[in-house]
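Take a look at this one chain, the form predicted on its own, written out in structure tokens.
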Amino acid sequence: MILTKISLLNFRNYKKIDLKLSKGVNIFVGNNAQGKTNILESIYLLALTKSHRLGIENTLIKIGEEKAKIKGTVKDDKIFRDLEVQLEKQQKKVLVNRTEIRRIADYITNLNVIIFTPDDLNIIKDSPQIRRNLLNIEMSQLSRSYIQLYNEYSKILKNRNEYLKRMYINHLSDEKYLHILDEKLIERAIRIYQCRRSFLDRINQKIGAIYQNITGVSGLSIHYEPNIELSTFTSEEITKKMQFKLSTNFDRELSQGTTLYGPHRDDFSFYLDDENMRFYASQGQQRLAIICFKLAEIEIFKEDTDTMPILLLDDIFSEIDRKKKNKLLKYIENDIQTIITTTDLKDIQKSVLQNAKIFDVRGGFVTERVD
């Protein structure tokens, strides 16, 4: 999968730019606050219809403008697709080959991306919601059926929470509708639990070897932590455990107006040997663990889709020592389109620079270097 070109109109600090990208390595170099990350953000948004930076949706349109557009052409094998995301103050449209796609779930997977940013440390250090978001995003890119499944689960969950609140406020005693919602919720929870366990099992098959290759240290693994205790992940076990949790915690859920058990409260942790890296690892170890998680994802993308995602690297080389950097770079030299931002080309290996397309970024303008 290759993004051959991208065009921005009134996006962030860009009035209008049109860029042709190399199928190999593309490097955007410039000082901080010039707009380098905005380029990566636009590609991520073109793929997933939202920014990788949380809570900033209302700042994507250039100040003083009413609309923004991101357009790109994707080459997948021998097929070309024109993608477009249109942003307005209160709405968003997505198009494939100039035809509007009504459901976001039907749009995602047209362009697959894996992104590395300095904020990735939050994946290990912050709340479970950050890690759940990561799971949902990456699994949705691999499977449209997963995002449809999770959207269905979320709608049922919302209805169940609203009904719990109504029951509590209005002193309703009829639980028949609640039981119907429980049945629908559990039906989808089963598949979500099983999909997530399968995905993380596959990550574990790869992540330890990748981490050892880069760092020389063995023992990195991922521990899946659903908030109901599961051992076999069979449909029968999940059904039984979910029914038990929902019934025995009914009074608590009623008083709080929320569903306390299910995959919407899942978590997972990074472990080095038997130690949780959230508490017992340096920032450097945590950063490399997350990088290895995403490198493992790339291998899964290749296995499942027979194509590589696009790799977005936002100023991460300055944070890694030379030896580990060189080992990491070997992973991005293998037929994968890579887009890098950096403040200094000295952070990047000469062998990579020799074959890269380099763009200078300054104050909302992008200029391609010509040898």
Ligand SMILES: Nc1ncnc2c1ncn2[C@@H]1O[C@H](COP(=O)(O)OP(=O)(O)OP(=O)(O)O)[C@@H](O)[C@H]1O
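The model shown is predicted, which means the values in this text are computed figures rather than measured ones. Start at 1 and count along the sequence shown; that's the residue number.
Keep in mind the form predicted together with the ligand is missing from the figure; the text below concerns it.
- Residue contact check for Q349: none of its heavy atoms lie within 4.5 Å of the ligand in the model of the complex.
- A residue is said to contact a partner when one of its heavy atoms sits within 4.5 Å of a partner heavy atom; R53 meets this definition for the ligand in the model of the complex.
- Proximity of N38 to the ligand in the model of the complex: non-hydrogen atoms within 4.5 Å are present.
- In the model of the complex, the ligand sits beyond 4.5 Å of every heavy atom of L313.
- In short, of 61-69, 43-51, 322-330, 301-309 it is 61-69 that has heavy atoms within 4.5 Å of the ligand in the model of the complex.
- Along 9-34, residues R12, N13, N31, N32, A33, Q34 each place a heavy atom within 4.5 Å of the ligand in the model of the complex.
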